[in-house]
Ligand SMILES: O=C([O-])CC(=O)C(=O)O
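Below sits a lone chain in structure tokens, taken as the form predicted on its own.
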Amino acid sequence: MTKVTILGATGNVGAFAAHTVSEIPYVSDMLLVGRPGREDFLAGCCRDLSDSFAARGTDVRLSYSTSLLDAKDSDVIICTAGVPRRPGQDRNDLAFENAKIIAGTAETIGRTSPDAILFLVTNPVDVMTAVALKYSGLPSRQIFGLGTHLDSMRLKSLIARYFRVHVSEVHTRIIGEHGDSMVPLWSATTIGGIRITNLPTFSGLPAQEMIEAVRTSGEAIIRDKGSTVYGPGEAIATLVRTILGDENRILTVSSYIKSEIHGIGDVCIGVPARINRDGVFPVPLSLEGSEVAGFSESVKKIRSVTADVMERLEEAR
């Protein structure tokens, strides 16, 4: 019997995540949290979701609140709260604005829900994961962000389409920043268990075009329809299911690393991690030369943005 709380449930991603997470059989209670003044919208969401539960035979106790204190006793707290990215705006442009929200939220969660796993979706997610880790005071295993999980799934889909295989046959990773400096791990990419570089047709793969498509996917969706919803919502549910099911799957998320990858660390960034009911545990990796260089540059960028945000937060508090 588990309780999942969604912060920012009045937003598009939060509202859809409530629907996808409610399908997870381990979830018995769900709390939707929004800001004061949005009670009517939250009540409407609960009624609408309850109708969907009845239609598909889901037995989840659903409630809403405008107080973070009601998240007490949650097993997983999903944070989608924050200012959404606007067309043409870089994820890092949002950093300080959203960091102020996440810092206060994390402090409260650290006091009232010390056993919860805090899952960050708010962008820029790598920086927000670091802010949540610092201000919550929780162990690093209990704090993680969506990171490059969705980016990895986007690349997986493009590769499957190119090779005309079922998407389940493709395994690939993108590490580093959830943003422009992301790093594809072609050395760890397989199709049907065969390393992709061992396939003769790999030489014709439009690798750079694929990575560019992944990098700009979110921006393109925001430009065309206003916000990304379905991809993040399903990705969120996958990660929550992995935690609550104690599955020990290795997925690529934003997590604090010390020196697990070629001695590079002291940063929250997208890396493969083993995920279970106890939290998130980064997996040590050995990368190829160009991948190490790319990851180092990505870490350098995120570390710089994170340090700037932390300094501004301290000055503002």
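So that there is no doubt, residue numbering starts at 1 and follows the sequence shown. Source: prediction; values computed, not measured.
Just so you know, the form predicted together with the named molecule exists too; it's not on screen, but the next bit is about it.
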query: With the partner left out here, if you bring back the named molecule in the model of the complex, are Thr2, Ser113 and Ala116 all within 4.5 Å of it by some heavy atom?
result: no
task: Using a 4.5 Å heavy atom cut-off, indicate which stretch of 189 to 197, 221 to 229, 240 to 248, 167 to 175 touches the named molecule in the model of the complex.
output: 221 to 229
Partner proximity in the model of the complex: Asn123 to the named molecule, non-hydrogen atom cutoff 4.5 Å: yes
task: May I ask you to check whether Leu150 falls inside a 4.5 Å heavy atom distance of the named molecule in the model of the complex?
output: yes
message: If we define contact as a non-hydrogen atom of the residue within 4.5 angstroms of the partner, is Arg154 a contact of the named molecule in the model of the complex?
response: yes
